[in-house]
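What follows is a single chain, given as structure tokens, in the form predicted alone.
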Amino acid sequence: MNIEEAEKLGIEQATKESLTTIKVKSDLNAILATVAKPIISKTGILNVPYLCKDNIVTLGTKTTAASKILENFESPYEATVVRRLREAGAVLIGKTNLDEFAMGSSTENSAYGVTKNPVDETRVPGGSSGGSAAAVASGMVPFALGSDTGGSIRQPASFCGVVGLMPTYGRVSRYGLIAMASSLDRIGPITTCVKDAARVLQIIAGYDEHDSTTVDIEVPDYVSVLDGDIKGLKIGVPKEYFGEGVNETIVQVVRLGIEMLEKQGAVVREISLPNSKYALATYYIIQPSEVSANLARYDGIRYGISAKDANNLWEVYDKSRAQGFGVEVKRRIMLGTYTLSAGFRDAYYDKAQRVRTLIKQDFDKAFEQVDVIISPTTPTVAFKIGERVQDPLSMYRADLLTAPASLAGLPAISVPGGEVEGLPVGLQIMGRQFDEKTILRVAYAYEQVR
């Protein structure tokens, strides 16, 4: 069910029953009737139920970030994206599982259990927004919110066979998103179709006085550009994204998708993004460094778990963090603390930031020649649950093709591109900064012909 169908059903139910409130039941029709008597919807989202990743704060329910350290935390305020959706008439019905503090590529790192891929329950749904992707793919809701730092919306969307959109850094407010890596984190929608991604982005995008990183520019009408016409549009195909480390069958599926777009009138040309090969290493220096700084606030004093068996202040810090954080979170805190320590910051963190600039410059140069860039979303299909838990480097490689756009601050969308041995394959479309309109236009055109 997409948003349009859900809204129609919601209006019919609310009109029929004229309810202001009812107890939430498992039946979708009952859920859709939980709002007041309907008004005319200008957003196409009235009475539509959705789910929210549990690192985005909400009122009246817990926000845990899938961590024991925030097991009973209830936020005193709500995220800007949640408020905007509420004001547009959407109905938040719950929170979704994730890798703890959004650190992971499989949703196996949660303190509250593993999420399964609804396409094949023996496999992971991807991460860290695996709960949101699995919920949409299984038909629980028409859309869900996720967050993307190095691929955490696009990768699970690819693994579960749904649409996942990461907006430009600064397009959507991060106010109310529990910080992990502040120069990389973004909020975006996971949906069943491209038009729904455009609808949700239309609501949540825009300047927010609570977030100084949001940019005060006009938000386009994203839905109006979805006409399927891409004649003359230039598509760049980066040779570095179709080579070593990427499953050959996935490469074939994505190249077939590019051929479909070419038949629709797009102009395809090969390009080079030479510094993208350093993106994964760069990402896993910058991200843990920012993790180390952001997670210092969880000290057992202000909120969250506080050790009861501590004898002094230092033991409170030590034991609270030891008890509250999981293995992967501790690993990244230690990596980040090391790279920021005296004598190593210049060699690691500062150098990584310079490489990040080179990656961004590669994209800038490429976008002088093309309008969008297309690649596979992930180097593999969804892997088995437990397959990579003991091999963090293998897990990190899941971000091989998504990390470059994250580092460059670009918008990118993953759309279902086909299947390999019955498992979904994602096709990734990247665009210029604040040009979500063009990647949505291409994604919609591809969706219509695939």
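As the structure is a computational prediction, the values presented were derived from the model and not from experiment. A residue's number is simply how far along the shown sequence it sits, counting from 1.
Not pictured, yet referred to below: the form predicted in complex with a small molecule.
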Q: Report the residue, out of V163, M103, A90, A79, that has at least one non-hydrogen atom within 4.5 angstroms of the small molecule in the predicted complex.
A: M103
Q | Contact assignment for the small molecule in the predicted complex, among N117, T377, T107, Q287, heavy atom within 4.5 Å | A | Q287
Q | 4.5 Å heavy atom contact, S158 to the small molecule in the predicted complex | A | no
Q: Indicate whether K195 is a 4.5 Å heavy atom neighbour of the small molecule in the predicted complex.
A: no
Q.
Is it the case that Y283, even though its partner is missing from this view, gets within 4.5 Å of the small molecule in the predicted complex, heavy atoms only?
A. yes
Q) Contact between G150 and the small molecule in the predicted complex at 4.5 Å, heavy atoms? A) yes
(Q) What I'd like checked is whether R199, S414 and E447 together line the small molecule in the predicted complex, meaning each has a non-hydrogen atom within 4.5 Å of it. (A) no
Q: Given that the partner is absent here, state which listed stretch (335 to 343, 95 to 103, 132 to 140, 219 to 227) has heavy atoms within 4.5 Å of the small molecule in the predicted complex.
A: 95 to 103
